[in-house]
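Form predicted alone, single chain, as structure tokens, below.
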Amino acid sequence: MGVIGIDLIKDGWFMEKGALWPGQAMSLEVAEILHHGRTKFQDLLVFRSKAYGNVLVLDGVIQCTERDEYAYQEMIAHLPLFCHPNPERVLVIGGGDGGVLREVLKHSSVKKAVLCEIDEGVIEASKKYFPAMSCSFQDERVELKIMDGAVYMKDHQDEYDIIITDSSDPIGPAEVLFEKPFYESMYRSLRDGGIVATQGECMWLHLNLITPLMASCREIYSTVEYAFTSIPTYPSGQIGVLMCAKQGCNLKEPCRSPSDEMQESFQYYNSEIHTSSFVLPEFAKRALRV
């Protein structure tokens, strides 16, 4: 059984203490507990915070808040999509809150977007408490699959231009999403010229996880890079995006730019930040050999 999120609320404050970031914690003042229960896979808590709006917590770990979710959703979606000349078919694995899907659908070239989420409870909670993200489920281009993403990909090979894995941390049901066989499955599901983007953990905390994973990916993909975005409610205020291209591709430079209208819909991503997100501090460059 995972961490019981509601037990982490004391004296009106939620405190996130994760096994993957020992010795530090993140606290948010709680205005109201909106939902608490257990899905088929994990503990799920939603509360309204005083500073960050509604907050989704899985097994005691913050997944998204209304105030800063775009910093992650936009980057993990638009980094790969703007590196592809004509992304038509997109697979999102995880991402049951709908935020990544919302950003994917801003690209007019996308004809079909499949969301493959193993935990239906996350989707239902998002529909109720995170309407600005879950609005994406209503788009006619979207197909929802409640199942294991690895199982889905076995029957869908050579099919997608972009695969985005929006996973929680590598504990519990998400653990397999950080292992080499999963990246091999994504490779087989990509079309020629396809690109993968996955939640890449925090360079301040998880180089011991990121370094071997990138080494494994280099055995599979032609190009492997690590970018990052800043987001206040994730551990150390930073989260990475691991990007892999099936064929040689300069992932650090977008090959397309957003229209003026599209750019107006963004709160974080632009072409300049695309390029700068791959510029790493020296300690990370040495560890990741980029």
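Only a predicted model underlies this, so the values are computations on that prediction, with no experimental measurement involved. The first residue of the sequence shown is number 1, and the count goes up from there.
The form predicted together with a further copy of the same chain exists for this protein as well; it is not shown, and the discussion that follows is about that form.
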Three residues, T39, L144 and K154; all within 4.5 Å of a further copy of the same chain in the model of the complex via heavy atoms?
no
With a further copy of the same chain left out of view, choose which of C255, L34, A31, A51 has a non-hydrogen atom within 4.5 angstroms of it in the model of the complex.
A51
So in the model of the complex, does any heavy atom of M26 sit within 4.5 Å of a further copy of the same chain?
yes
Taking a further copy of the same chain as it sits in the model of the complex, is L280 in contact with it (heavy atom to heavy atom, 4.5 Å or less)?
yes
Classify W204 as contacting or not contacting a further copy of the same chain in the model of the complex by the rule of any non-hydrogen atom within 4.5 angstroms, answering yes or no.
yes
For I123, is any heavy atom within 4.5 Å of a further copy of the same chain in the model of the complex, or not?
no
Among 53 to 61, 66 to 74, 218 to 226, 243 to 251, which stretch has residues whose heavy atoms lie within 4.5 Å of a further copy of the same chain in the model of the complex?
66 to 74
Can you tell me which residues in 224 to 247 come within 4.5 angstroms of a further copy of the same chain in the model of the complex, by heavy atoms?
S230, I231, P232, S236, G237, Q238
